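Have a look below at one chain only, the form predicted on its own, in structure tokens format.
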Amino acid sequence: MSEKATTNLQSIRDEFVAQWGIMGTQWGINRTMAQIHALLMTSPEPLSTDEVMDELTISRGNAHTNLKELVGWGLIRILTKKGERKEFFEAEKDVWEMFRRICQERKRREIDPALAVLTRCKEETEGMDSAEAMAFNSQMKELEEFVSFGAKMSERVGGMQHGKAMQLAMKLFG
């Protein structure tokens, strides 16, 4: 690849990494974590912590914390190379698999705890007979049913193979 093409590709990749970081903040993920994910997702080779730091101009602590968080989400994996003491990181590149893992992790971190609170609030107000308590209980029941339905649908779609999910989406939205 010519020097001009390499420079142009790097510029385009930098733009993507920056935009992915902005989108990540809209989804409740910190900007650096999203940028590291984008960098690894578009890197042809696994990168070390030092390479991530250099590429994004971030501190070792920031890189280390966010790399470990991405490993925890299942979006990147740690690799070792024979003869190297460093860890290298490689992103999951299959878009459907990334979607599936994000859905699973968000359910575990966000939906399940919220559902537990809704269920507990509903159960603890079931015997109360004031109008306010009955209205609260009714609202908790509706929210619990809705969140539970959404979680089941997410699990169902996330468990489908890519092609079947796309066929379902086309039927629903096409």
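Note that residue numbering follows the sequence shown and begins at 1. This structure is a prediction, so every number in the text was calculated from the model and none was measured.
FYI, the form predicted in complex with another copy of the chain isn't displayed, but the following is about it.
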Pick from E124, E69, E51, E105: which has a non-hydrogen atom within 4.5 Å of another copy of the chain in the model of the complex?
E124
Which residue, L47, A34, A63, L118, has a heavy atom that falls within 4.5 Å of another copy of the chain in the model of the complex?
L118
Does M140 reach another copy of the chain in the model of the complex if we count a contact as any heavy atom within 4.5 Å?
yes
Does another copy of the chain come within 4.5 Å of any heavy atom of T42 in the model of the complex?
yes
Using heavy atoms and a 4.5 Å limit, would one call A114 a contact residue for another copy of the chain in the model of the complex?
yes
Partner contact for S59 in the model of the complex: another copy of the chain, 4.5 angstroms, heavy atom
no
Heavy atom within 4.5 Å of another copy of the chain in the model of the complex - qualifying residues of 9-40
L9, I12, R13, E15, F16, Q19, W20, M23, Q26, W27, G28
